[in-house]
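Next up: a single chain in structure tokens, the form predicted alone.
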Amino acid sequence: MKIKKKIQQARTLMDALPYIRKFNKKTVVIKYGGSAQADPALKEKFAQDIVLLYLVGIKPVIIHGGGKKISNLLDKLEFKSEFVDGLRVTSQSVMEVVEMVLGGNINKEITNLLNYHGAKAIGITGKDASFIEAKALDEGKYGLVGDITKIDHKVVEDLIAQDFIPVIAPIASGGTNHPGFNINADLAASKVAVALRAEKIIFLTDTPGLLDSDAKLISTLEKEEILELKNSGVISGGMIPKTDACFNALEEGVGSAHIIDGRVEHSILLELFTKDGIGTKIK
């Protein structure tokens, strides 16, 4: 029985080989959020997945969110959280908390975890080398929520060339003496993927993927079908910004977009290295 089990393990590795070969030296942008970012066990599995990608020659780039931790700290500081159109209205005081949580606490936690598991990760925000620049979204309707105007892809490419895994907090530079802009992490991931000419962009979520009107997983679809699903109401709520980010990335040349369940252990490996994957692939 032990030999049979070992043979099965070897077959699993061999099944993954074509995909490892296909994606070798390719850039894969991963938006990290949801339960995968909050559950201690899932954090460990995520780090292991990323390190494996790194060790087999794939170039992972991570963009993370942190809305729940921001809200928790704002509550502790007795700052009221205000949302308009699903976006957190960001005053200068709130922006200080956003930067503290995203650029400090969460970013360094992810970086440290990846380094512990054997990668060479480095944490940055869009303010570093001003590699992400932005202006106020909708003329300041949401305060310091930003609309990305420029990404200096060379900053991230130089880190990748030095064998680093970039871990990016979605905070943008607003220019001299500006407190910076809070950027939607899905949008930031999409823009970074386009700037890096990524092979894939992957969104970790708390759902199995895109679901049809009968709540069944849609395994694959063309990007044009996203508009039909939105118009029919199948895509709604928090899935709208993710599918918009997918659509924009594909329109600008990213090879494919994936929405997968971050609550499943090793979901990234299952999506990339198996024939059917586990989530939704948008082509």
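Numbers for residues come from their place in the sequence shown, where the first is 1. It should be emphasised that the depicted structure is a prediction, and the values quoted were computed from it without experimental measurement.
Heads up, the form predicted together with another copy of the chain isn't pictured, but that's what we're talking about next.
Among residues of the shown chain, residue 240 is not one whose heavy atoms approach another copy of the chain to within 4.5 Å in the model of the complex.
Interface membership of residue 38, defined by any non-hydrogen atom within 4.5 Å of another copy of the chain in the model of the complex, is ruled out. Contact annotation: residue 113 falls within 4.5 Å of another copy of the chain in the model of the complex, judged by heavy atom distances. Using a 4.5 Å cutoff between non-hydrogen atoms, residue 55 counts as a contact of another copy of the chain in the model of the complex. Of the candidate stretches 198-206, 182-190, 101-109, 80-88, only 101-109 has residues with heavy atoms within 4.5 Å of another copy of the chain in the model of the complex. A heavy atom within 4.5 Å of another copy of the chain in the model of the complex is found for one listed residue only; from 220, 48, 256, 248, this is 48.
Among 122, 194, 136, 211, the residue placing a heavy atom within 4.5 Å of another copy of the chain in the model of the complex is 122.
For the partner-free chain shown, 16, 17, 20, 21, 24, 25 of 16-33 come within 4.5 angstroms of another copy of the chain in the model of the complex, judged by any non-hydrogen atom.
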